[in-house]
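Presented below, as C-alpha cells, is a lone chain in the form predicted alone.
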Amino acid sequence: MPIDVKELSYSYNPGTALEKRALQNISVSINRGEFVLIGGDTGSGKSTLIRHFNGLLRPICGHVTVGGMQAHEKHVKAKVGIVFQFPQDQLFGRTVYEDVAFGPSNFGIRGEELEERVAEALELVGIREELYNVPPFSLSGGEMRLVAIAGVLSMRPDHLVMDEPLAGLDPGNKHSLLRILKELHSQGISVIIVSHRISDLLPLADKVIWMEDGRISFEGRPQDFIDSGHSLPPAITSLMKDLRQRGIDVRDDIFTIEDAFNEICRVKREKMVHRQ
C-alpha cells in the first residue's frame, strides 16, 4: 500500500494577501516497508507534505493516494499514522490505556481484539503495565511521546509518520526511540521521519528526501545524500573518510560506531594475515 504523491501543490490562506505557497509541484512515492527521512530547513514544506499523507490537509492541486485510495478517506487514516512533534497535541484520554484504545475503538474494534492491540502497542514502545491507568499528562515528555506512538501503532498502520521525533529527548529516550523504530521497520512497517537534522537517523534510512522552498531538491540513497553536500555527514562517517584519506583502506560509507568498529577490526585482521 504505497503513498503516491503526484504534482502536489498547496498554499496557506489562498486568495488572500496572506497567501503563502508551501508546496510546489511535489511528486514522490513511498513504498510500504521503506525507512524514509524527509529533511529540510524550517519552512521548507516538509511538515505540510506529511499532513497530506492521511488527509489532514487536502491538495489545492495534484493528488495524494494511499494504495489507490484518496488520502482523506477514513480507511486511509488507519493505514497512515502520524505522530506530531509535541505529543500533548494528540493525547486526550483520561488514562494511558484509554488514549491508546481510542483509535481502534473508533473503527469498531472491541473486546479481546481491542485489549490485544492496546497491550501489544504499549509493550512495543516499552510502557510498563503499572502506567496503563495513570493520566497520560502525568508522564514525562519522553513517556508521553511513547504513548502517542502507541496510540498510532494500535491501529496497526502500514506507514508510521513522525514529525521531529528526537527533538527534546535525552540520550536515554533517544536510544529507546531509535530501537523502537528499528523494530517497527523490521516488521515491514514503513517509517517516515521528518527532521531538520537527520544525521542521527541516516544509519536507519533506505531513502532521503530533502526539501527546499516547497520543492524536493534531492531524493536518493543516504550515501548519495552525503556526497551531494546537502548536509554534514555523521561524525563517525567523517572519521572514516579521514582515515581513508590517511591511507588506511577502510570503507567510508559508514554511519554507525558499531559498523566503524567492525570495519577497523576487519582491516586490522587483514594486515595481520599479510604479515604472516
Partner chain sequence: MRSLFFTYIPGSSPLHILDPRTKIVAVMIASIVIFRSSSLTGIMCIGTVLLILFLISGVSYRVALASVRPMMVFLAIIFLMQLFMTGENAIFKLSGFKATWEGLHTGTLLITRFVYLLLFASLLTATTAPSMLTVGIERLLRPLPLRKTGISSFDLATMMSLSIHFVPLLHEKFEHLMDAQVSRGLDLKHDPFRTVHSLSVPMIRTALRSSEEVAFAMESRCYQGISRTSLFDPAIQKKDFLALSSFIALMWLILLLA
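All of these numbers come straight from a predicted model, not from anything done at the bench. Residue numbers count along the first chain shown, from 1.
Omitted here: the form predicted in complex with the partner chain. The next part is about that form.
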**Request:** Can you work out whether the partner chain is within 4.5 angstroms of a heavy atom in all three of K74, G103 and G151 in the predicted bound form?
**Result:** yes
**Prompt:** Any of the heavy atoms of N173 lying within 4.5 Å of the partner chain in the predicted bound form?
**Reply:** no
**Message:** Residue-level contact is defined here as any heavy atom of the residue lying within 4.5 Å of the partner chain in the predicted bound form; does D89 satisfy this criterion?
**Reply:** yes
**Asked** Are any of the heavy atoms in C265 no more than 4.5 Å from a heavy atom of the partner chain in the predicted bound form?
**Response** no
**Prompt:** So, in the predicted bound form, is E98 in contact with the partner chain at a 4.5 angstroms heavy atom limit?
**Reply:** yes
**Request:** With the partner chain left out here, work out from 164-172, 126-134, 76-84, 183-191 which stretch has heavy atoms within 4.5 Å of it in the predicted bound form.
**Result:** 76-84
**Message:** Going by heavy atom distances of 4.5 angstroms or less, which of L56, I60, I248, M69 would be at the interface with the partner chain in the predicted bound form?
**Reply:** L56
**Residues of 27-53 having any heavy atom within 4.5 Å of the partner chain in the predicted bound form, listed in sequence order** = R51
